[in-house]
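Single chain ahead, written as structure tokens, the form predicted alone.
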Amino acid sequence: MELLRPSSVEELDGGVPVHGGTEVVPLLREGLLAAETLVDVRGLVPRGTRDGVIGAGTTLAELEVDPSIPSALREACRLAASPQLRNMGSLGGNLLQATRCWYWRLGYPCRLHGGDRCHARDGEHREHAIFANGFCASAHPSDVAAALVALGARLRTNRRELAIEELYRLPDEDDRRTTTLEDGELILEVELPSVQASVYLKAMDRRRWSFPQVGVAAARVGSETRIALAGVAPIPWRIESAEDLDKVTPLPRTEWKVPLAQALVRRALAAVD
């Protein structure tokens, strides 16, 4: 395997980008990601925060203690992982996490691997999705992504600018990807709008350092309150109001997530009111 260290974004030419390595290295080790070339992008991706713009290379540990960052994002970073991983993991890398679905992680020929079956639907699925789970029942694991969706953040890549919601897509028969990022496209910065209040609440199986069973971010922006959820759909899931939780489609063993999500949404809305 070859490791490249280009001196500029313009020199990017294929290969798998790696920054903190907390996502890419385990996937390589488990055989879920194949790469002949890795590209060290630590020198290419901005790091730090200035005037509401966050470099995608900023670590979660740096963000969780930054007083200029909205509360929802600070808390999502604080709850995202162990201290060791937060000190290594970058903001951009966290947004591109792969699913924690154990069928996908164990290499089953599921739909995300190009197969014709979602093994979780008929198998063990206690931690899976309650929204948009018809094609794939996996649940998106990023606390940070949900917080940024609620905050209405925008991304800048080396090719375009887009709302963070446009980074994600539901997989389907024609395209099994869960993001719209193209080969060679690199997230460079995240821009945050001004918000009046925000919060991130998270329910985990363990008290600390676990992926969200249900995460709820809420942000008040002017007269609008935005809500986004983690752990409930194959992508970070935006809802317009608490009433949207009446539209869930839980699997038999994910029904327990519904009252949990309802309770967390009520608490989050009360916190930003």
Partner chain sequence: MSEVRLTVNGGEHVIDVPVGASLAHVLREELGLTGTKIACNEGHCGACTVQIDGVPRLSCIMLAHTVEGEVTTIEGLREHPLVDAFVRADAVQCGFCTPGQVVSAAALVAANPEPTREEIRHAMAGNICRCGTYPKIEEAILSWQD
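Positions refer to the first chain, counted from 1. From a predicted model like this one, the values you see are computed outputs, not experimental measurements.
Below: the form predicted together with its partner chain, not depicted.
Although its partner chain is omitted here, in the predicted bound form none of 135, 185 and 249 has a heavy atom within 4.5 Å of it. Contact with its partner chain in the predicted bound form, defined as any heavy atom within 4.5 Å, is confined among 207-215, 233-241, 49-57, 220-228 to 207-215. Screening 123, 83, 107, 193 for any heavy atom within 4.5 Å of its partner chain in the predicted bound form leaves a single hit, 83. Contact check for residue 170: every heavy atom lies farther than 4.5 Å from its partner chain in the predicted bound form.
Its partner chain is not drawn, but in the predicted bound form it has a heavy atom within 4.5 Å of residue 78. Its partner chain in the predicted bound form is not approached by residue 263, whose heavy atoms all lie more than 4.5 angstroms from it.
None of the heavy atoms of residue 273 is located within 4.5 Å of its partner chain in the predicted bound form. Taking its partner chain as it sits in the predicted bound form, the stretch 38-68 comes within 4.5 angstroms of it through a non-hydrogen atom at 38, 40, 42, 64.
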